[in-house]
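As structure tokens, one chain now follows by itself in the form predicted alone.
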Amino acid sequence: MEPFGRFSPVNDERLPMVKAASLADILYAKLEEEIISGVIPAGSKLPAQKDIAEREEVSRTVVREAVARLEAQGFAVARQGSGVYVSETAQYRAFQVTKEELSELSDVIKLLEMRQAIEAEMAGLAAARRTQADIAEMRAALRRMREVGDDPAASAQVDSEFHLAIARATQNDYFVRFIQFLGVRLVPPRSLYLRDQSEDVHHAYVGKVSDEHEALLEAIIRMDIEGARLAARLHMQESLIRHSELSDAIASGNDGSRPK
């Protein structure tokens, strides 16, 4: 891949702001890919913003935004009086899941697909290795989940704590670190699935998720490895089905068919 290849002969200065934002997204993704792949090596200095703008035929505003995002994500670092350099650890920051990304159903579904495999194996290991302290932590998380009820933010936080307790029960620090990294991003925003729904639908949703969690905990308590894997996979599949159906309903322009 040739670094900083041109997008098109279009001068974006004449385009509306929404187009400029789109070009910044494209440039950021291009630079990120080149950093991760090593086309732009770790420790190297990025070209001056005016040079990038000329080569890509975009405005300096687009370049500034893209470079600022590289810095925010840890791919680049600015050195006063010297310029912007690729972080020495940039390639190890390749995996990112931001809160902003999960504002769209399509991205929530992608995360749920990934979690199916991870959560199932994590639950199996937890069932094999859990201690009484691990069980107490999981039970406490589910108890707090019942106490917060329909509060979406509080419920998401406690939900992530439950999955973190399962991760700890694996006695594998890498699972713990991964779940800590995802944090509340583990839990799809309930507002996407339940917006405009009645209070009864909200209660039913909370009850169903609670039942799925209880089944998972019971399998882990019994040290039922395959049962725990199955319960975790079912929990992920149910959430994936709910959000996939909603995505299909929205794509067809028929929100009224949203699954209950």
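In this text, residue numbers run from 1 along the sequence as written. For clarity, a rigid core is taken as the largest C-alpha set superposing within 1.5 Å between two forms. As the structure is a computational prediction, the values presented were derived from the model and not from experiment.
The next section is about a form of this same protein that is not shown, the form predicted in complex with the DNA.
With the partner omitted from this view, the residue of Met223, Ala48, Ala29, Val39 that lies near the DNA in the model of the complex is Ala48 [heavy atom within 4.5 Å].
Partner proximity in the model of the complex, defined as non-hydrogen atoms within 4.5 angstroms of the DNA, places exactly one of 229-237, 206-214, 30-38, 52-60 at the interface: 52-60. No residue of the trio Met138, Arg143 and Gln180 has any heavy atom within 4.5 Å of the DNA in the model of the complex. Interface residue remark: Val84 is counted as part of the site for the DNA in the model of the complex, having a heavy atom within 4.5 Å. Remark: Ala78 counts among the residues lining the DNA in the model of the complex, judged by a heavy atom distance of 4.5 Å or less. When two forms of a protein are overlaid on their rigid core, residues whose CA moves 2 Å or more are considered shifted, and Asp173 is not one of them between this form and the one not shown.
Gln132: CA moves less than 2 Å between this form and the one not shown after rigid-core fitting. With a cut-off of 2 Å and the rigid core superposed, Arg143 has a Cα displacement that falls short of the cut-off between this form and the one not shown.
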